[in-house]
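In the form predicted alone, a lone chain appears below as structure tokens.
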């Protein structure tokens, strides 16, 4: 299947509103992630000198709830964006319906565990 490039194509190809919403989400989340990650790179590597980039400095930065939310938002959007992209690949390459269900189930479980570990690790500081 050729993926839609425009909203009109996506509406014609989508089998449900959920697919159309995921198509829109991928475009918006990708754009938001670009700016969030560029901001993160700027504030982490450019604004701070190498000698100041220590573990204690990162912990001190993460005591601020706004920084925790900023980093968590990157984690959330990156995980959702990546999982949805992988879901497209799984649907394209795993032809058998039962196998596709197993692959997706295992994949979603692993991703949920990674997201929970990242969230716990971020908010435990």
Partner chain sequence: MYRGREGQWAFLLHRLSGLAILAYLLIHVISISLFMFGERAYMAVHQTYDFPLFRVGLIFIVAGVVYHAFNGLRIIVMDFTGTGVAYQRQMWYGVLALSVLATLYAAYMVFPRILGGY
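Residue numbers count along the first chain shown, from 1. Only the largest set of C-alpha atoms that superpose within 1.5 Å between the two forms is called the rigid core. Not measured: the values here are computed from a predicted model.
Although it is not shown, the form predicted together with its partner chain is what the next lines describe.
Taking the partner from the other structure, its partner chain in the predicted complex has no heavy atom within 4.5 Å of any heavy atom of residue 67.
Of the heavy atoms in residue 95, none are within 4.5 Å of its partner chain in the predicted complex. For residue 63, no non-hydrogen atom is located within 4.5 Å of its partner chain in the predicted complex, even though that partner is not displayed. In the predicted complex, its partner chain sits within 4.5 Å of a heavy atom belonging to residue 88. Contact residues in stretch 29-47 (any heavy atom within 4.5 Å of its partner chain, taken in the predicted complex) are 31, 34, 37, 38, 40, 41, 42, 45, 46, 47. In this overlay on the rigid core, residue 92 has a C-alpha that sits less than 2 Å away from its partner position between the shown form and the other one.
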